[in-house]
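Let's start with one chain on its own, the form predicted alone, as structure tokens.
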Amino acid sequence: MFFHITLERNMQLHPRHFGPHLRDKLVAKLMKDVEGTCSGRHGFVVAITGVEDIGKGLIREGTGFVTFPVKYQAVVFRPFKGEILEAVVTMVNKMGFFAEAGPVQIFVSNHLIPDDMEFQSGDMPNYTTSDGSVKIQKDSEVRLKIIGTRVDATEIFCIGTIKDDFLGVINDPGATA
């Protein structure tokens, strides 16, 4: 799920950046350092939408660097247990498959795939129904439900299922049209 929240960060800036464009340099450095990162507490920072306040700088003794407290607003993505997501399959093996929904990687175990789907090995491993009408392979789009999350300091891992109503393959790139 996406949230729009206010965050704070201390930014260090070299003295060569001081001048009339100090604020622009701080905002550019903030975007470069923060966008695309993950904190276990807030989730993945998708984009910075605005800078609310830049506090007074504090000079670091011996280096000349200045530390500015910056308060900014950002859009963050944080997956939750029970959430339904659409994801793209990145890898299929006999244990299940991995899929990505934006920056988060989700593992779906073969126990959480419908019983009528069997693993097929070969040059393009996949899970196929007994009649061959539905196939999950690399680059397939699936709708899945998150049943568990594990949060580390810099990463979020998820376990999902497609063994429920209205879940499964949305778009199969290998299907003939």
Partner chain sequence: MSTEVRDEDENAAELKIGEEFLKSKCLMNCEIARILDHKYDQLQQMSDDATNQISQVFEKSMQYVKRCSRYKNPDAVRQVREVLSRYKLAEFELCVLGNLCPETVEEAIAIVPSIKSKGRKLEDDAIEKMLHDLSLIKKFE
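Residue numbers count along the first chain shown, from 1. Since the structure is predicted, the reported quantities are computational estimates derived from the model, not experimental observations.
There is also a form predicted together with its partner chain; it is not shown, and the following applies to it.
Heavy atoms within 4.5 Å of its partner chain in the predicted bound form belong, among the stretches 28 to 36, 124 to 132, 55 to 63, 109 to 117, to residues of 28 to 36. Taking the partner from elsewhere, V51 is found to have every heavy atom lying beyond 4.5 Å of its partner chain in the predicted bound form. At least one heavy atom of F44 is located within 4.5 Å of its partner chain in the predicted bound form. Taking the partner from the other structure, its partner chain in the predicted bound form has a heavy atom within 4.5 Å of a heavy atom of P79. Proximity of V92 to its partner chain in the predicted bound form: non-hydrogen atoms within 4.5 Å are absent; the residue sits far from the partner. Residues from 1 to 38 that approach its partner chain in the predicted bound form with a non-hydrogen atom closer than or equal to 4.5 Å are M1, F2, F3, H4, I5, M31, E35, G36, in the order they occur in the chain.
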